[in-house]
Ligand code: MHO
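One chain comes next, on its own, written out as structure tokens in the form predicted alone.
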């Protein structure tokens, strides 16, 4: 079954340089849940395309700009790794923070070589956070870690149950280990009725997860992917903008940043700005 954009065909005054027509091919063999998700995504995009009757309310989708904004050199960045439940949500938690440059979902804390999603052995689902220490520090990342999950739940978070969802702070060196231990002691004093299950481990290895698990929340919103120019997978994984929008899509940004991104996107819809470059 082919779902197309018939409302554009009877509007000759509308140029496809202003209004992008989205096509989905839905096979008869496709699982019902997958088919319903595609149709839901299509309807979301279709609703936006209806604004195209007036160019002032249309999103223009130009060719992707292959240039990327200047990034900090890797030498100036620091890296932190945390496990706090499903890495789909964990990556989104940190992506919106000022000073966080890149986020990566992956596996850490176990002994299995080259773990995979369906065969991760004794690893935990984790997130690697690359950050600018001039804007945010390890102590602040620890505060976000504690406030973003339940460290007293044993081997799981919410409905996700299993050792792969355990709570871990991975450290690089004695200073980070000291800060992690101090923060755990402070967190424990908030309630003596239950014991924190969070482990503190020296980071040995971090294995990035498969591409389909990177920026998972963002990928559930095709409109947002369109707004940043449909970046190829390798660029999407390392994009600072994609990291922020991943948190925005999951509604996990700090309220101020969430509203800031809302305003940017609403501006694009009103003015037909070519593509979202920054938030």
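Just so you know, these numbers come straight off a predicted model, no measurement behind them. Positions refer to the first chain, counted from 1.
Not pictured, yet referred to below: the form predicted together with ligand MHO.
Taking the partner from elsewhere, residue 91 is found to have every heavy atom lying beyond 4.5 Å of ligand MHO in the predicted complex. By the criterion of a heavy atom within 4.5 Å, residue 117 is counted among the residues contacting ligand MHO in the predicted complex. Taking the partner from elsewhere, residue 130 is found to have every heavy atom lying beyond 4.5 Å of ligand MHO in the predicted complex. Contact annotation: residue 86 falls within 4.5 Å of ligand MHO in the predicted complex, judged by heavy atom distances. Shown without its partner, this chain lists 164, 183, 104, 171 as candidates; in the predicted complex, only 164 has a non-hydrogen atom within 4.5 angstroms of ligand MHO.
Stretch 117 to 125 is the answer when you ask which of 184 to 192, 92 to 100, 135 to 143, 117 to 125 has residues with heavy atoms within 4.5 Å of ligand MHO in the predicted complex.
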